[in-house]
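Taking the form predicted on its own, here's one chain by itself in structure tokens.
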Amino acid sequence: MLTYLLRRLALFIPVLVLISILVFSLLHLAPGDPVNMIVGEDRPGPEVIAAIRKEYGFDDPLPIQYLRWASHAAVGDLGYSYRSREAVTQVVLERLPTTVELSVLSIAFGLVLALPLGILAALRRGTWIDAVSSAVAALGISMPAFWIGILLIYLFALTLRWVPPSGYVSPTEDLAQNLRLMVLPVITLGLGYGATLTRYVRASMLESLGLDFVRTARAKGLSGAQVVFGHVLRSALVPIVTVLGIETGRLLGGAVLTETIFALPGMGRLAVDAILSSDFPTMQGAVLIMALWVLLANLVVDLLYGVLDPRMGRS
């Protein structure tokens, strides 16, 4: 297992370096001049602008700028925001808990939705339960997150007035209010996530139910619950875990829209605000942290493979 972990970590580092190069290059190819953001509404002369470019290193070739930025980022220094003049690392750390909370709750909601629906649909294949499960999954996949969010706000916040339409309160300040504010964002983000998982759970369970070991387990006199949860589900979890890792990136993409719709002060909204204001250091820091998150999620998935199937851990 240790060799398996070291092999995955050896792949992790070069991928992270490649992502950092892509993030830095693509953002610097985007339209907009960061000097305009630094000077704000002031209109200094050419000499002042040239001095600013030299001070921030904008006159250096992009490879030199990247190496300077990457060397600082490697020790946790992501630079300073052009807009707020705050350290990007501090801003990211302030916004990160909101996105972590939203993502974790959305994953939990998706799993609570997907596992029962997918398992029941596989066990009752061809029945009305299977039809309802497939309809719910198709509806969740086909509806964009921003449209789901707007509908939820209109119905539960503006019409029924059960929950607030937007805003955020830290769980350390008021847990009850935090949960009330997070209900709609979690449903918005987790519905599509759970719908996708439902289809994979159903397909994976159906495949496992047709294997020889299931007939052997039933022949030994095991109950239906013992066969399903003790044997079939464990075998079906490997492809399901794969989807969990893949869908993490899409989950973060949905978090950008969800945080904007519900005015959540998270990483997604930070990235959007930074892009609109051409705040390069904040953009780079936010995108890099989200990319790191996806890589860590896939690393966890790789480790879970070794737990679910020891043969993979020895390979």
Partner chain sequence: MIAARIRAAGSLARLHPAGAVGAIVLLVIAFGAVFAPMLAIESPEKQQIAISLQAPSVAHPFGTDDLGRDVWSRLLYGGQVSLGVGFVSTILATVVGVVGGLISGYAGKWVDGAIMRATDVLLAFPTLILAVAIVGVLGPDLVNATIAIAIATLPRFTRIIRAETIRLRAAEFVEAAVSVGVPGRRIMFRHILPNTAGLIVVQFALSVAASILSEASLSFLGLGVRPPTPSWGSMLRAGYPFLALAPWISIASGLAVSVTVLASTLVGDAIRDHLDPRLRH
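Positions refer to the first chain, counted from 1. Because the structure is a prediction, the values reported are computed rather than measured.
Only in words, not in the display: the form predicted in complex with the partner chain, which the text now covers.
**Student:** Spell out, yes or no, whether the shortest heavy atom distance between Val92 and the partner chain in the model of the complex is within 4.5 Å.
**Tutor:** Although the partner chain is absent here, Val92 would stay clear of it in the model of the complex, with no heavy atoms inside 4.5 Å.
**Student:** Check Trp147 for me: does it contact the partner chain in the model of the complex (non-hydrogen atoms, 4.5 angstroms)?
**Tutor:** Yes, Trp147 lies within 4.5 Å of the partner chain in the model of the complex.
**Student:** Residue-level question: is Val294 within 4.5 Å of the partner chain in the model of the complex, judged on heavy atoms?
**Tutor:** Within the cut-off, so yes.
**Student:** Is it the case that Val214, even though its partner is missing from this view, gets within 4.5 Å of the partner chain in the model of the complex, heavy atoms only?
**Tutor:** No, Val214 is distant from the partner.
**Student:** Please determine whether each residue of Leu139, Tyr154 and Met290 possesses a non-hydrogen atom within 4.5 angstroms of the partner chain in the model of the complex.
**Tutor:** Yes, all three are in contact.
**Student:** Tell me, out of Ile129, Ile187, Met143, Ala87, which residue has a non-hydrogen atom within 4.5 angstroms of the partner chain in the model of the complex.
**Tutor:** None of the others qualify; the residue that does is Met143.
**Student:** Heavy atoms, 4.5 Å, the partner chain in the model of the complex: which of 131-139, 75-83, 172-180, 115-123 makes the cut? Say which one.
**Tutor:** Correct option: 131-139.
**Student:** For a quick check, can you give me the residues of 237-267 that have a heavy atom within 4.5 Å of the partner chain in the model of the complex?
**Tutor:** Read in sequence order, the residues that approach the partner chain (within 4.5 Å, in the model of the complex) are Gly249, Leu252, Gly253, Val256, Leu257, Thr260, Ile261.
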